[in-house]
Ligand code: GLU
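Just the one chain here, the form predicted on its own, laid out as structure tokens.
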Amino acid sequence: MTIRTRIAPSPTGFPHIGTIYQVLIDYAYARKTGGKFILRLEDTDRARFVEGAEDVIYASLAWFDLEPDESPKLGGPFAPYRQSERLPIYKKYAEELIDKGHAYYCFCTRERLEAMRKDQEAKHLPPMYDKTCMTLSAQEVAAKLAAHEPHVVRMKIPEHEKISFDDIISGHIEFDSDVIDHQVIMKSDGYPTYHFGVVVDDHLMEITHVFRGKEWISSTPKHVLLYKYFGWQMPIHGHLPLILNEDGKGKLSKRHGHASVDYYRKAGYLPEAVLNYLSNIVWNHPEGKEIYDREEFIAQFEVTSITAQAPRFDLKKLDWVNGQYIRAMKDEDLLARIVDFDDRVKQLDKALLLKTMPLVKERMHVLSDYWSLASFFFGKPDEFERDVNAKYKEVLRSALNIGDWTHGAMEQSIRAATDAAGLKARDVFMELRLMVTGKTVGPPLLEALEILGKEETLSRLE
């Protein structure tokens, strides 16, 4: 059996970092087992469809280098991979369920359903369909269909049964059928609902393993029943722990700016570092490592080792991981990433840029840190963090009027002049940094002045 995993996002918005977390598991499992990773677009929610969202999904997967083997863009043996292009397939299988007695047409109007819900709320009953249309005779149904009355298709739920399945992460899970609603599986516009489309597509596309967030566990019994009704083998399911907000209160929400994949690209995170972090929050490397590349993760990864506890998303820890990646990069490679990321450095002198790399990389967490740390190399500061104290100017002018423009010689000369003037060396060095860079913190000062040069340094001092 060829292992086949899939990701099935909806183009109803821009990708969530939780989607990439799921993709990472799908991708790693498929690659580890020599299987296939599939991208299918579940674009049946036309009311929430966002133009251009599909392209953003492709771009996000490409940025993380998590490219699928089959997709709407690439094609494949089970095309089409957009649900909106598979409507005749869903219609056929919905009619099969009706013929088998496992589903029925429902002609209830929106007004009737709203009145029913309000009545249930008043009686403190769970909001569930009251099965009115399930009792319609074949003649009544035929007449309504002939009259082209708007309708949906609902699946039947057996009464007083235990519905169970085995989850490879959460173990055995069981539900009481009496708390499961008669779910709509085909909408009045001819599009399937998620619960129906996902089952039909996963079967026809020969998906063997389904990984998704734990919030979907409650809907799985409906899928179990659909597989049973069709006589199909259900894929192995693994429900992943949800990623929580940093305070641990609730699922990481799109209301938080860093929930969007685009946030990480624009902030200057390295995609490989983000993937490393995402793997760390739900899985522990057998050797206790925190930093490892994707290929090592795939080689060591075991689904059964995924933790069941919901992790918190810690941006500070991600910054640390990203910083580790930056510091491990060759200067030339880091420069290429910065040039690609920041338009402000694209036209600057590459030789000068390369000289600055060793000074700034130890202080960088993300690529966007570079300009704030190193912009003074390329022009006098436009503003200062605080007022410059002019009393240090004469001491520094004298101390820096030396022929040997190396950081060792500068330090020796400045300390000697500082002692002679009865000043504190710490204050003098701080003032020199402020005069030259406009800031009170930054890369190693005297090494930076070596690169900046004597003429430019003294010019800024004046």
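So that there is no doubt, residue numbering starts at 1 and follows the sequence shown. No experiment lies behind these values; they were computed from the predicted model shown.
The same protein also exists as the form predicted together with ligand GLU; that form is not shown, yet it is the one meant from here on.
A heavy atom within 4.5 Å of ligand GLU in the model of the complex is found for one listed residue only; from F377, F301, Y229, Y194, this is Y194. Just one of W216, F341, W283, F175 comes within 4.5 Å of ligand GLU in the model of the complex, counting any heavy atom, and that one is W216.
Contact check for V274: no non-hydrogen atom falls within 4.5 Å of ligand GLU in the model of the complex.
Of the heavy atoms in R265, none are within 4.5 Å of ligand GLU in the model of the complex. Taking non-hydrogen atoms only, R6 approaches ligand GLU to within 4.5 angstroms in the model of the complex. Interface residue remark: D69 is not counted as part of the site for ligand GLU in the model of the complex, having no heavy atom within 4.5 Å.
Residues are counted as partner-facing when one of their heavy atoms sits within 4.5 Å of ligand GLU in the model of the complex; in 42 to 57 only E42 qualifies.
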